[in-house]
Structure formats: C-alpha cells, structure tokens
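Same chain, two versions here, written out as structure tokens and called structure 1 and structure 2.
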Structure 1
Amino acid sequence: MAKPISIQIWNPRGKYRVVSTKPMPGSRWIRLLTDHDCRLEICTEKKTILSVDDILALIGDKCDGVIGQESKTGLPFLFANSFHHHSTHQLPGDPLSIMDGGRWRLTVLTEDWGETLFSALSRAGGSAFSNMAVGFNNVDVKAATKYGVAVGNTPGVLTETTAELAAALSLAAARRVVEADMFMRAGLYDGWLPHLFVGNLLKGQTVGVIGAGRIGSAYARMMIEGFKMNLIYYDLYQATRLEKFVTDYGQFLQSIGEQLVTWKRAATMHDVLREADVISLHPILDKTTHHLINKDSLSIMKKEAILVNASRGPVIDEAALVEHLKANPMFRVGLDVFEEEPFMKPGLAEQKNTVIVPHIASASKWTREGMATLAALNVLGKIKGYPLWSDPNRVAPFLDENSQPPTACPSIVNGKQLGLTTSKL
C-alpha cells in the first residue's frame, strides 16, 4: 500500500481525526476544524492527484471524515509520435500512464471515491466526505450512501467568480489581448498602425447565453450592464429574474437618453448560435450536452463570433473546433476547460484566435478560500450531528469571518437518502 510522503498535522490531540488529500487555500478552514476538537492531517505530497492506495493510507484505521478534490477524468487521446506498444511512461507530476498502440490510457486523473474508499472510510469509523468543488463526478454517491457516508460539495460560492472569468475571456478574445501581449513581448511593435490587432466592439452587440442558471445569468448581467449588449438566451426554464433585470436596465438607459437594451428567450439553441455575436456556454454536462458544439453547430455561427466556455470541456467537440478556427481566422474562442483535461486536442494551442487558460474559473482568493471553508464545514457538521442547511446556494452566513458559522452542514448531496434533518435556521 502506498504511503504519502508528507503529512502536516494540526491539533494532534484532537478527538476527531479529519484528513485532507491536499493543502487548501486560507487558514480559516483549519481553525474551524481545530477549534472544534478535530485533529487535522493534511497530505502535502507533491502529486497532481492521489491514488486509491494513497488515500487508503491516509484514512488508516481511524478516520472521522475526509476532504477531497474533484479533478477531471482523463480520456484516451492519440499521441502523434511513434512508440513501442505497451511501453510505460511517467508524465511529470502525474500517475503512471500506459502507452498501448500509440494511445495513452491514463490510469487516474481524479480521486476515485467509490466502493473501495467509502467502505474503508466506514470501517475506520468515518461518516463524512466532502469535495472542495461544486462537482462530484468523481464520487459514487450510491456507494457512499450504502456505507452511511455523507457527501458534501461547495455550491453557491463560485457564481460571480466563474462569471467574471467568462467575461474576461469574452473581452480578451474580442479585443485580441493575448495576441497583442505576445506581440509586444516579442519586441515586434514598431508603432501605431490602423490595422494592428483590430478586434470586435462589444457595445450594442448581442450576447448569447446557453444555460441561464446562476452562473449564466450572472455572466449575462455583467455583459449587459458593462457593455450595454442585448441578450438572447436558451434554457429549458425561463430566467424570469434575468429578464426583469434586462427590462429594468433598458428602461433606465432610456431614461438617461441612451439606447435601449433588449432580451429574447430563444426557442432553440441554434437560434442563439445564429444570432449572437458572443456566445457563452453554461449548461450542465450530461449525454444531451456532450458535444453540444460540434461541426454542424459551429457552421451556423457568425464568421466573426466569439465562443466562450467556462463550464465543462466535453460540451465542445474540440477537434471540430480546431478545424473551424483554422478555416475562420476571425472566429475566436476563450476556453477555461477542455475536452480531455489536462490535455488539449492537437492544433488548438497553435491557433492565434484562441484564449486558453488552465481551468481557473473559480480561482479568486475569496472563492477558493470559501470553497475550503464550506468543504470543512460539511465534514465538521456531519461529525457533530448538525442538520442540513436549507439552501446550499445561500452560503454567505458560512463565509462571514467575523462571526461563527451556522450549526449546519452547508451542502450534503445525499442528505435525504441518509435521512438527515434540515436546519430551521
């Protein structure tokens, strides 16, 4: 069994043993646990992700709760070079990878919280696990419920930060900021020229949102209020609050003599793709949204459109996107997520009409520290027998550093299955 190289221990005499598979930002989450009689062990091993054996070693014979991490599952991808079949190769900082006929099969690119780990946690006396993430694709919730383990996540704290990153990608792509930055750093600037890095004006154009939930709506408000764009959106559910915001803002603009902004709920996703100048993707990822953006849907978009994705990578057929970018140099994309993370499809990085960043949508100090706090409080709350918080998306009371958080678990996804009560606070 693998043994983690390094563990940092806080409050070694604490009654409850809680382990974290990675160091997390901030210190409040540590104080919240140690102040409530928890012995906290933080794995500081320099690995991208821990294996099942690593986590089993962390859990040990006695463990009350675990804070883990959701990463992305690595899918097979073709490698351009020729290697011997069945050779092995160690990617720097990553788990062992197997090369089979020129195709990598990555063994683990996410913490695999399933039957093995939950049964081990249960045997060690544990009753709580929480991802430091909104997603829990790496968790077999049925297995957790089978062993009486509450599964936590951290919604409600990423909305504005993720929307801001999508807005940043939109503006960077529209005004060709990354291209211009590289041009300057290369020492190529000789002086102002009329055609140098001409981009797209956003004011008065149409922003399209596919998936107008919390993040999609927050992004839409930023683009409308910031750049006075008109809105077209597609969602299975009517975004009444967003529609009211646009209506009220349009009336305000008219009252001060400026151009009205408008909204339209599209009947189909294709209506958004055809009409919008900037399209931002905010759907969930399931079998209906896998490759939502593909060769056919790309073909109906405007030749100078901007496509932004800060949701889930497989929403876009990345190979089709590369071909579209090659054929349409004025079409631009801003991507925070990728189809086969942490890898990109061949050719994507070489396209000048791309802005690509490494999955940093939630990477503001406030958000990441808030995620750590919520994950810790999910585990602490279950250990202490606290009830469930009534609204997992209303988390401000848990994040106020000047007061004690509510005596409740912020977000447990299998609370009903475990028969946990809901807080009356």
Structure 2
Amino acid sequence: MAKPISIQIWNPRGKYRVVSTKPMPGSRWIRLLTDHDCRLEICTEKKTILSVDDILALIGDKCDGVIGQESKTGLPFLFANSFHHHSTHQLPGDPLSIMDGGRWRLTVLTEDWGETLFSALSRAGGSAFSNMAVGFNNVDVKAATKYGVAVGNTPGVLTETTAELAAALSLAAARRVVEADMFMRAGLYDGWLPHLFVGNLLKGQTVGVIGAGRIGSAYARMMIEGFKMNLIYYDLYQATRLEKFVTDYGQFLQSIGEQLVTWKRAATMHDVLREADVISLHPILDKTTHHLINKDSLSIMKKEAILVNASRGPVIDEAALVEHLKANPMFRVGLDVFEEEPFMKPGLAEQKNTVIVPHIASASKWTREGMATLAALNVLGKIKGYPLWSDPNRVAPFLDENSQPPTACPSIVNGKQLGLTTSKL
C-alpha cells in the first residue's frame, strides 16, 4: 500500500467521512458538506494523478463517499461503459493497453475507478462517488453498481463554457490567430501585406457537429448565430430542439432580408466530414467513438477544413492527425484534448496549423465552482438518502449561492440500476 499522502481536514468531528482526491475551486462545496455533518478530507498531494494504491490509502477503513477527478483522458473503461450496440471502430488488444512504438503497453492516464476501488469503498461503508466532470469514461459504472455505489457526474453547468472554448478554437484556427500572435511576438512584422496570414471566412460556410448532445448543440448554436453558418450534424439520435432552433432562426433571418441558414442531419459521419468546412467533435468517448477520426476519415475531409476537438483525445487517432497536418498545411486543428494526456504525439507541437490548449474547455470560474458544488451534492445526497433530481440538465437550483440546494442528488448516472427514486421537484 502507498504511504499516506498529504491531507487537509475540515470539520474533524463530522459523522460522515467524505474524501476529495483533489482540492476543487470555490468554498461553497466545502461549506455544503461540513454544514451537513461531513468530515471532509481533501488530498493536497501535488501528484496530478493518484494511483489506485494512493486512493485505497485515502479510502481507508471508513469512508462514506469520494469525490474524484477524471483529470486526464481515460481509456480504461471505454469498453465497459459502452451503452451503444453498433461498433464500427474496434480497438485491437486489451482495453487497458495503448500502442506505443509498435508495442502494446499498459497505461493508466486517469484516476482508475474500477473494481478494486469500488469494492474497497463498499467495504469501508461507502455508497457514493462523484466525478468532478460530465464525462465518466474513467469510471467502471458496472463495477460501481455491483458494489452498490452511486456514480455522479456534473452535466448542465459546463455546457456553454465548453462550447465557447470549442468556438474559440474554431475561430483561432480559421483566422490563424496563434500563428499570427507568435509571428508578432517574434518581431517579424514589418508592415501590412496582402498575403499575410490569410485564413478562412466562416460566414455562409457549413459547420459540422459530430455528437449533437448538450455541448455539440450549444456549439452549433454559437456558430450559427454568431457566424450565420449552415449546419450538418451526425448523432445516433435526432437533435430535435437544435433542428427547430435553426429552422426558426433561418426564418427570422429571412424576415429581416438576410440569407437563410439551414440544417441537415447526416445519415453517416462521413457525410459530415465530406461537406463541412469546420467540424467539431462532441461525442462521449466509448468504443464507438474511439479513433472516430483516423487516416481514412481525415482523407475525405476538405483540404482546407478545420477540425476541433474538445471532447476526449482518443476520439482522434493523433498520430494519423500529425501525418495529415504535415501533408496538408491548409488543414487546421484546434485541440483541447489529447490521446495520451498530458503528452502529445510526436510532431504535433511543431505543426503551425494547430491551436493547442491544455484541457481547459470547462475552465471558467463559474463552471468550475459549479462542478465542485454538483459533485459534492451528488455525494452528500446519496449519503443522506435523497432522491435523484428529475432533470440533471436543469441544475440552476443547486447553484444559487443565496439559497439552500434542493434535497436531491443532481446527477447520478447509475441511479436507475441502483433502484434510486426520483424527486418530484
């Protein structure tokens, strides 16, 4: 077992022991737990990723609930959590393995919430775990359910913040903002030139969205309202509200004498790749979306297309992307996530046609504090036996600093499997 690691303790006499594997932004989440009789232990260890042994040491003999972090892109439960039946992209080998220089090696890139940790939490008397994230590809939900542990996540509070970063990456890539900034800082500018950093105009072009869920739909709206782009999207489900929005918005534009905007639901992802000028990826990461963008799919995209990824790194085959960027200098990408965070595939950083940021899509103050609050309330709610909140996307009542949050768990992904009741509120 790993040595005990550094811990900050709040409300030492609290009846329920809750552990957070990282300090989280804001203080409301701490108050909410300690005001409800929780002894809170926050791991302040500098390590970015805690090992299973570290977390076992944190759980100890008595622990009622844990707040964990997805921290970095996680492959481990790609297969276990897949709720979709169509599989067009099979990863060869063990799901815990990753290709490295021609060999498969074991990798743990994230807190590894599987059988070992959930059985330990259950033995310690715990029944609650929440990720401080909406994605939960680092969690083996089946194992959690087997041990009676609720798994929380934090939807609703990061939708707009994440979509805004995807829009920022789209714009920065289209207008070559980073390249131009570096040029300026290097003192290379010696006067206006007709050909200097010519990029792509977005107005009237087609935006493609793959995974038109909460974030994908919010991003689509931003690009349509902001830049009057037409939409083509691919999702396993119809995005009815998004379609209606584009229809209504198009009619509004026509009524004021401007050009219509249109939408199309593509029958295949390849239709989006062929037709769109800017493509943004927003699906969950599971076996159906692993390496969705690979050598073949890149080859059918327009030579001057822009590809944005603020979902999960392994949705793109990053090595294939590097080759594509080298061969197609006018093809540009905006990346918030990487296949093996915190690393980038060799060659990516050297390519001028990339805009790369370190997994900051949800990093606005309001969102990060809200994520901490929701994660804490998922754990508190389960410990207290509160029901599930009826609509995990409607989280505003939990985020109002001036009132007590509802007595419900904001978002538990395995609530049904655990037979938890739903709040009437």
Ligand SMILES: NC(=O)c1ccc[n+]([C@@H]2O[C@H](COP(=O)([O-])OP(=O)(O)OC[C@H]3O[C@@H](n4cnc5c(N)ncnc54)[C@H](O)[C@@H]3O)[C@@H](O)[C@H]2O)c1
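We call the rigid core whatever largest set of C-alpha positions still superposes within 1.5 Å between the two forms. Counting starts at 1 with the first residue of structure 1 and goes up one by one along its sequence. Just so it is clear, the structure is predicted and the values come from calculations on it, not from any experiment.
J.: Looking at the two shown chains, say which is the form predicted together with the ligand.
T.: Structure 2 is the one predicted together with the ligand.
J.: Please check if Gly148 moves between structure 1 and structure 2, taking a CA shift of 2 Å or more relative to the superposed core as movement.
T.: Yes: Gly148 shifts by at least 2 Å between structure 1 and structure 2.
J.: Taking the rigid core as the frame, does His36 move its C-alpha by 2 Å or more between structure 1 and structure 2?
T.: It does shift by 2 Å or more.
J.: Whole degrees only: how far is the smaller rigid part turned between structure 1 and structure 2?
T.: From C-alpha superpositions, the smaller part turns by 10 degrees.
J.: Taking the rigid core as the frame, how far in Å does the Cα of Ala120 move between structure 1 and structure 2?
T.: Comparing the two forms, Ala120 shifts 4.7 Å at C-alpha.
J.: Once the two forms are fitted on their rigid core, how many angstrom does the CA of Ile383 move between structure 1 and structure 2?
T.: On core superposition, this C-alpha lies 3.2 Å from its counterpart.
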